[in-house]
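The chain below stands alone and is given in structure tokens; this is the form predicted on its own.
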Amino acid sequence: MRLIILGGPGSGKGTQLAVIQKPLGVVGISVGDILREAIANNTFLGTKAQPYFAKGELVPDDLMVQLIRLGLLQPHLEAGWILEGYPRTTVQAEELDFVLDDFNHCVDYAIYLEVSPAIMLERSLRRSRSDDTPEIIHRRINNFQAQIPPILEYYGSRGKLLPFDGTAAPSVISQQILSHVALRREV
């Protein structure tokens, strides 16, 4: 099983990743955490991504595709994964499909946690991360709103989009996701 979790800042992507990965028997991959770690460790990718990340801008597609391509080659991911925080653009979605094609795999479902910009802002401000300043959060929300419609169309047109109300209780959302994925697995 290969899933992606889509949603804006503060939509609950990380929360759902933490909850659903174990029952599904897959590895959770938080792209934001990977980028933060790369920046903190001053890796090649981290130094290239840091200026964009610090401003709340999208890291360029070529760097993100390289990160994902290298990351998905890890042997412990063969049984499946949930990718949180990627893709952020349709170019990244297409490139992810190309990478997976090389291994005769595909994204099974794109889980979308729909949350209003006001709730994204409120939730993001409650987190105590150094990169969650109001200016950066606003920029991330604006970038997300500009980029998400074509991504939803991309996965929706392929019958892979599973939208959920991200304002429901986290436990309710988790159960809904697990139920939908289990039902679709049986089909």
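Don't overthink the numbering: it's just position in the shown sequence, from 1. None of the values given here were measured: they were computed from a predicted structure.
Although it is not shown, the form predicted together with a small molecule is what the next lines describe.
Contact with the small molecule in the predicted bound form, defined as a heavy atom within 4.5 Å, holds for exactly one of 153, 37, 57, 62, namely 57. When the small molecule is considered in the predicted bound form, only one residue from 45, 161, 148, 31 comes within 4.5 Å through any heavy atom, namely 31.
Contact between residue 129 and the small molecule in the predicted bound form is found at the 4.5 Å heavy atom cutoff. Of the heavy atoms in residue 173, some are within 4.5 Å of the small molecule in the predicted bound form. None of the heavy atoms of residue 21 is located within 4.5 Å of the small molecule in the predicted bound form.
Taking the partner from the other structure, the small molecule in the predicted bound form has no heavy atom within 4.5 Å of any heavy atom of residue 178.
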